[in-house]
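Shown below, as structure tokens, is a lone chain in the form predicted on its own; questions about how it binds or moves come after it.
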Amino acid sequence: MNETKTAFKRMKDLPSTHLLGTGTPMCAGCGGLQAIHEIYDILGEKTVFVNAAGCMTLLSVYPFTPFRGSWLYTSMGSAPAGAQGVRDALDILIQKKRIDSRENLNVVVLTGDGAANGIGMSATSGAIERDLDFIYICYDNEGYGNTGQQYSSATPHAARTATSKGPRGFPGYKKDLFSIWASHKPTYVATVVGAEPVDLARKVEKSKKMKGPRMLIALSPCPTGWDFNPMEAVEIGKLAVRTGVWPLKEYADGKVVHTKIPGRRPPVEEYLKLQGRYAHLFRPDRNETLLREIQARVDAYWDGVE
């Protein structure tokens, strides 16, 4: 018991910038961890994370978490419902003066794309409709990363996963979660990526000052699931933005605004060729048909913006 208390004290004495990712069994080069680290630096310790089962569940090993605030673990589909209970409890305690308003916490849901796009979408929809005062963070590594990178509703067209190994990769198309959430008319929705920290910080600061449902979708390059060198995680994140694959945008007051419009976009294949999940598009022979199709979809999106 004394050893546990000593270890806990050492962790509490660490600066907050050292807590996240220190001593946790996370993959090197994890884009999701990078984004969450940057987000937490702004949200601060007056935060309770309601975490749905997924990769980031590994951050918390009882009785420790990498955060100075609080942590609640839930099943994959029920994090928004858990957030509702926490938010209601805080509001009631403040109303009854059992806690001071200065003890109030930001209630933050933390899920992967599997929960956000599929298993937990109905609970999220209900939370937005109830105008729940919370922040929802989805780290989007485009597959069920914690169980071997099976395809999810966020997997992009032609990417190979543990459950889409055919010569053409995943036959489906990535679900547009941004538009689905924006159609509910929440307070705020934004896309971010850890490789663009200034854009990310501005959006987190903006959302922190708001009330109601606020959603952040963070593209999260995954070295193990996407099959790339962890040292290239930041470059891949930047290329996702520069090639137009990952538009940086936000929704507020009924309007969608792009916060960074790439100028002369490099070919999408510059982004694809760094990832083993797309190797079948280049070797043994180039699949010109699929490469043209992927490029055309990106071009069509930006033709409607520019």
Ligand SMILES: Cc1ncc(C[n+]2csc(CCOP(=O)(O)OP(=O)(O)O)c2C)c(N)n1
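Predicted model, so just to flag it, every value in this text is computed and none were measured. Heads up: residue numbers just count along the shown sequence, starting at 1.
The form predicted together with this ligand exists for this protein as well; it is not shown, and the discussion that follows is about that form.
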Open item on the list: Against this ligand in the predicted complex, would Tyr139 count as a contact residue? Criterion: heavy atoms within 4.5 Å.
Closed with: yes
Task: Contact label in the predicted complex: Thr147 to this ligand, heavy atom within 4.5 Å - done: yes
- [ ] Report yes if any heavy atom of Pro66 sits within 4.5 Å of a heavy atom of this ligand in the predicted complex; otherwise report no.
- [x] no
Open item on the list: Residue-level contact is defined here as any heavy atom of the residue lying within 4.5 Å of this ligand in the predicted complex; does Val241 satisfy this criterion?
Closed with: no
Open item on the list: Quick check for you: of 173 to 181, 80 to 88, 108 to 116, 198 to 206, which stretch puts a non-hydrogen atom within 4.5 Å of this ligand in the predicted complex?
Closed with: 108 to 116
TODO: Counting non-hydrogen atoms within 4.5 angstroms of this ligand in the predicted complex, say which of Leu72, Leu132, Ala123, Met76 makes the cut.
DONE: Met76
TODO: With this ligand left out of view, choose which of Val50, Leu281, Cys55, Ile36 has a non-hydrogen atom within 4.5 angstroms of it in the predicted complex.
DONE: Cys55
